[in-house]
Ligand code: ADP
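Quick heads-up: it's one chain on its own, the form predicted on its own, in structure tokens.
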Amino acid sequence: MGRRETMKTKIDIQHLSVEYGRGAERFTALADVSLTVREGEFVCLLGPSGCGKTTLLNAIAGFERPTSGSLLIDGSPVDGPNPRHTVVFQDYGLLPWRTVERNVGLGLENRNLSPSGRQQTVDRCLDLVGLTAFRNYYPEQLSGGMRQRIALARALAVDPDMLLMDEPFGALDVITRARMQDELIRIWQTCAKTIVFVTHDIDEAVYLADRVVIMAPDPGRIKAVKTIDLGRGRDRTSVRFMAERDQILEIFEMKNYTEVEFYL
């Protein structure tokens, strides 16, 4: 039995729908979505704009209330945001008047920690993302990639069970984005967190994920779930990597498919 089969279920979504508006103005953002995510798994939600991937992430985070269906995390219904499930956004969300160190420690300030305990946590997270030397800098003094690392360190400082990431590298240049992908994989392997990561980039999804949830619009739904049969230390130029990417492209190009999600 492989590692994936031995992991317990972290997220269990069954027949979930999210609708907005009333009457003729009613809009279905997500329709009949079912998905399970295992503890410690790295899952990417992949699809074009309007396919509901951010809505699905927000429902998992407790920001969106489903119209119908069920959404359980660790066997309990999601009834609102949970500090154990931290969200990392594309725009960093850093406080410009705070130093790097004080941004990272923001989520610890209302916790019952001694000053020395709080400082040890901040120091550990700064070291994890390689920003110890920049602890006294302000966000405006740093590059986009470094700001995103601050946001990631701040998320990790509260020791969440799960990271929910909404296109966090979307605003970065290609080289910085590739470096941040490597950084995220390294941190994920070190910290063993469950990660749900939204992206519209097929190569990014293949590079990062254990499984890719392929979504389609009108209404937002799951079209397929693709297991990525590659080890870690992935080579973006390898034949196997390109084959995985091409299989996902073929799924997007399919015009006729059953409404029941299928798994590859």
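Note that the coordinates shown come from a computational prediction; the quantities given were computed from them, not determined experimentally. In this text, residue numbers run from 1 along the sequence as written.
Just so you know, the form predicted in complex with ligand ADP exists too; it's not on screen, but the next bit is about it.
Could you tell me if Tyr20 has a non-hydrogen atom within 4.5 Å of ligand ADP in the predicted complex?
Within the cut-off, so yes.
Using a 4.5 angstroms cut-off on non-hydrogen atoms, would Ser49 count as touching ligand ADP in the predicted complex?
The answer is yes: Ser49 has a heavy atom within 4.5 Å of ligand ADP.
Given that the partner is absent here, does Ala29 sit within 4.5 Å of ligand ADP in the predicted complex, heavy atoms only?
Ala29: yes, in contact with ligand ADP in the predicted complex.
What stretch, of 201-209, 229-237, 35-43, 50-58, brings heavy atoms to within 4.5 Å of ligand ADP in the predicted complex?
Contact-bearing stretch, as computed: 50-58.
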